[in-house]
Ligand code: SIN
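In the form predicted alone, a lone chain appears below as structure tokens.
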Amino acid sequence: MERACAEPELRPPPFALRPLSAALGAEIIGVDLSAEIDDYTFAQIRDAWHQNLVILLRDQELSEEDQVRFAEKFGPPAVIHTKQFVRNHPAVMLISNIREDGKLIGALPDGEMHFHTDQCHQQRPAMASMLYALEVPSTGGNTLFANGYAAYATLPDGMKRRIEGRKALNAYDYDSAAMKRGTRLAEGVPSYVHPVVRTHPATGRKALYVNRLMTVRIEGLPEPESNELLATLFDHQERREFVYEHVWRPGDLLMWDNRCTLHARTDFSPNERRLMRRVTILGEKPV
């Protein structure tokens, strides 16, 4: 009598998943990022990230090296251009309003920020961004995430045809437009043209890839038409049903897929401290 084939090994799920909102996002429960993560667990984390666009791991106690070790599993860290906000590890930048000896220790210190995607003014924008919360204000300073897949999928067919194949100029003025959109492109401001709609290289899904903070114009259109079209797209992609608002707690590690989400920040008191560590992961040129 022939022996039956051995049953494939059934491994229990390495963690639990809890949805963060109907729009996007999931909390991963039961993973300690200060410890080494095996390949199986990481593959499950990456799948959850691709499916949910934003992942959250709470109550983490992480050194800079721990945070970078986890980030590097997804890909090489992006270069940090604002070196004055790097403390120890060259891949880790501080986001903070704290001042020492009268000088800011971190970037993007104050107030609200419009919706945007990180580094869309560069040839190879970030694949992902990862924020780790050390100190948070008692209220405000929340991060909002918008689902770029849903924003594209729900556009009227006529609008999809109108933007098909179009490209847009994205720019970022570190000095004067850190929190509000610039409408004029000053000389020397970093800028790059990318598709209005990009296709995610891992999921194959299309996402709307313009944003209120950094997209200056749609190429090949008269300025009034470009402005009108962008205003329509901005309003559409920021609709509340596409958005998850994250209220930070110390120990939160949150990572978003920069290729299919936008994010923004709510205002908070300048009299309260806010300190985050950010690692960005290098992406590919959007197509």
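Worth saying up front: this structure is predicted, and the values here are computed from it rather than measured. Residue indices: 1-based, along the sequence shown.
The form predicted in complex with the ligand exists for this protein as well; it is not shown, and the discussion that follows is about that form.
- Contact annotation: of the candidates Met214, Ala128, Leu108, Val136, the single residue with a non-hydrogen atom within 4.5 angstroms of the ligand in the model of the complex is Leu108.
- This chain is displayed alone, yet in the model of the complex one of Leu155, Ile98, Ile95, Ile163 has a heavy atom within 4.5 Å of the ligand; that residue is Ile95.
- Mapping the unseen interface onto this chain, Arg277 falls outside it, with no heavy atom inside 4.5 Å of the ligand in the model of the complex.
- For Leu169, no non-hydrogen atom is located within 4.5 Å of the ligand in the model of the complex, even though that partner is not displayed.
- The ligand in the model of the complex is approached by His116, whose closest heavy atom lies within 4.5 angstroms of it.
- Heavy atoms within 4.5 Å of the ligand in the model of the complex map, among the stretches 116-124, 75-83, 191-199, 204-212, onto 116-124 alone.
- Shown without its partner, the chain has His263, Arg265, Arg274 in segment 259-274 as residues with a non-hydrogen atom within 4.5 angstroms of the ligand in the model of the complex.
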